[in-house]
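Form predicted on its own, single chain, as structure tokens, below.
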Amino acid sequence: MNYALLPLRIFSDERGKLGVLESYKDMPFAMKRMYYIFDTSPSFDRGGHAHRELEQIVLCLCGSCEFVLDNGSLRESVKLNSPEVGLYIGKNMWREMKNFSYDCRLVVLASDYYDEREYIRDYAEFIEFIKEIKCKE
């Protein structure tokens, strides 16, 4: 599975906490885009896609949600509920996001700019894409 939970560098003193992520030091790519997700209703799911080349790190700053990650042969569930851990999602990983708490706040750091051609939004197409990759290996 091409994902990992990354413990973040957290500095703490009487003033509070500060979390740090630096390109190529704490994350395996240089960030080209950042976006955030908030006010997501717990009754709706998000995601339901994969990226061909894009890598991401997801930070849950507040609340919680669940990621279902799938590499075409294995499915695993990861709960994000701490600003001290980031979820690295590598390329060619199907992701679904669900079970959002009302106060969930996610920040996503991405390895490249938005490109709709990068997305695979149909699960059957994703499975075929993964089969093609495995045949070339």
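Quick caveat: nothing in here was measured; it's all calculated off a predicted structure. Residue numbers run from 1 along the displayed sequence.
Note that the form predicted together with thymidine-5'-diphosphate (TYD) isn't included here; everything after this is about it.
Would Tyr35 count as a contact of thymidine-5'-diphosphate (TYD) in the predicted bound form, using a 4.5 angstroms cut-off between non-hydrogen atoms?
Yes, Tyr35 lies within 4.5 Å of thymidine-5'-diphosphate (TYD) in the predicted bound form.
So, in the predicted bound form, is Gly47 in contact with thymidine-5'-diphosphate (TYD) at a 4.5 angstroms heavy atom limit?
Yes, Gly47 lies within 4.5 Å of thymidine-5'-diphosphate (TYD) in the predicted bound form.
Would Met97 show up as a contact with thymidine-5'-diphosphate (TYD) in the predicted bound form if we use heavy atoms at 4.5 Å?
It does: once thymidine-5'-diphosphate (TYD) is placed as it appears in the predicted bound form, Met97 has a heavy atom within 4.5 Å of it.
Within a 4.5 Å heavy atom cut-off, is Tyr114 in contact with thymidine-5'-diphosphate (TYD) in the predicted bound form?
Result yes; Tyr114 sits at the interface with thymidine-5'-diphosphate (TYD) in the predicted bound form.
Heavy atoms within 4.5 Å of thymidine-5'-diphosphate (TYD) in the predicted bound form: which of the stretches 58-66, 39-47, 81-89, 24-32 has them?
Of the options given, it is 39-47.
Just give me the residues of 105-130, first to last, that have a heavy atom within 4.5 Å of thymidine-5'-diphosphate (TYD) in the predicted bound form.
Stretch hits, in order: Tyr114, Tyr119, Arg121.
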